[in-house]
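Shown below, as structure tokens, is a lone chain in the form predicted alone; questions about how it binds or moves come after it.
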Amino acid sequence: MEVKTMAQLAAEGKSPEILFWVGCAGSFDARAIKVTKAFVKILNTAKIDFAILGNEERCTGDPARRAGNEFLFQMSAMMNIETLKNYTFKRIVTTCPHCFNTFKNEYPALGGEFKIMHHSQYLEELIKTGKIRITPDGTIKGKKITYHDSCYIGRGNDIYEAPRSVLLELNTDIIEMKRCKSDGLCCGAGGAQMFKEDEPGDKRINTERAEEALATKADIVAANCPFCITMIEDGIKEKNAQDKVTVLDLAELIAAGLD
């Protein structure tokens, strides 16, 4: 799998259409790396001209800001902004809602104005423009899917229809959870909760969300966030249902159904 960096393209006097922002999870977490590879497979199939920053990419600073370390957030943000301004590209696409939200809503205040898309939006665009085609008889056909709205894509940025539009291309049924769209429930990782100990309570949030997903009797829980995938997978394992229900990112589902 060949993926060029922005620095390599710049040395060749080229600039890509898309800068794929991989993110910390997509770079280092074993589960999220599978999503990164699936998305790269889609980009290559669609013959998209793209590149990544590679070692020049830093954390956007989202977890630091959520945890209250504003200094660390701004330091990471400014370094990223300066790096990005050294290159020419049309849009940034990321598979992480946290990175997406930070670029869209928080970097502009620090001088970082970039066109940013979440991969759920970009996948919808690739399908609608005919750059990728989904086989109607793929491995997902006939399976029941329930979709989890991640906080930053759903309530945070009001993106509900794009991911559902993508899922409908798989020739399958979408069964909505009790709490969905603007009434969706957090997976339990938001606000940097992913990186701290549990607070006092009767039940973990990811357990509650996993129970809602299992109640739909779906075969697959579709997600669009590396944190959501981890939390919901853990909740399903807690219920000993991992052999019955699979948690997959939109990119993994589409990559498996490419024609």
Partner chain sequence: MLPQIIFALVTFVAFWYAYKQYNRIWKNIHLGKEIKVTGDKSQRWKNVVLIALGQKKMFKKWIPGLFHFFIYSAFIITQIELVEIFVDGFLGTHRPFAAIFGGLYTFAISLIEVLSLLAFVATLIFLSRRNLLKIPRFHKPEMKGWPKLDGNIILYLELALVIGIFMMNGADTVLQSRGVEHYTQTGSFAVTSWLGPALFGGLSDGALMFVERTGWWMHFLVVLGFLNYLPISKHLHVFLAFPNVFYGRLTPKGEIDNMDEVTTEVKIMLGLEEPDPNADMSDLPEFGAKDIFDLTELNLLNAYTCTECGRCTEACPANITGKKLSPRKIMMDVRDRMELVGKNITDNKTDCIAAAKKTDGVVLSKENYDDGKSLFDSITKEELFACTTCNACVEACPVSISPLDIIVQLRRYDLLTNSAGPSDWMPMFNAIENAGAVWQLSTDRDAWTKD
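Positions refer to the first chain, counted from 1. Keep in mind the model is a prediction, meaning the values are calculated, not measured.
Not pictured, yet referred to below: the form predicted together with its partner chain.
Looking at heavy atoms inside 4.5 Å, which stretch does its partner chain contact in the predicted bound form, given the options 70-78, 123-131, 163-171, 140-148? Heavy atoms within 4.5 Å of its partner chain in the predicted bound form occur in 70-78.
Using a 4.5 Å heavy atom cut-off, state whether Thr135 contacts its partner chain in the predicted bound form. Thr135: no contact with its partner chain in the predicted bound form.
Any non-hydrogen atom of Ala25 within 4.5 angstroms of its partner chain in the predicted bound form: Yes.
Examine Glu106 and determine whether its closest non-hydrogen atom to its partner chain in the predicted bound form is within 4.5 angstroms. Result yes; Glu106 sits at the interface with its partner chain in the predicted bound form.
Contact test in the predicted bound form: Met117 vs its partner chain, heavy atoms, 4.5 Å: Result no; Met117 lies far from its partner chain in the predicted bound form.
Is it the case in the predicted bound form that Ile42, Ile48 and Glu176 each bring at least one heavy atom within 4.5 Å of its partner chain? Result no, not one residue of the spot touches its partner chain.
Out of 234-259, which residues reach within 4.5 Å of its partner chain in the predicted bound form, heavy atoms considered? Residues within 4.5 Å: none in this stretch.
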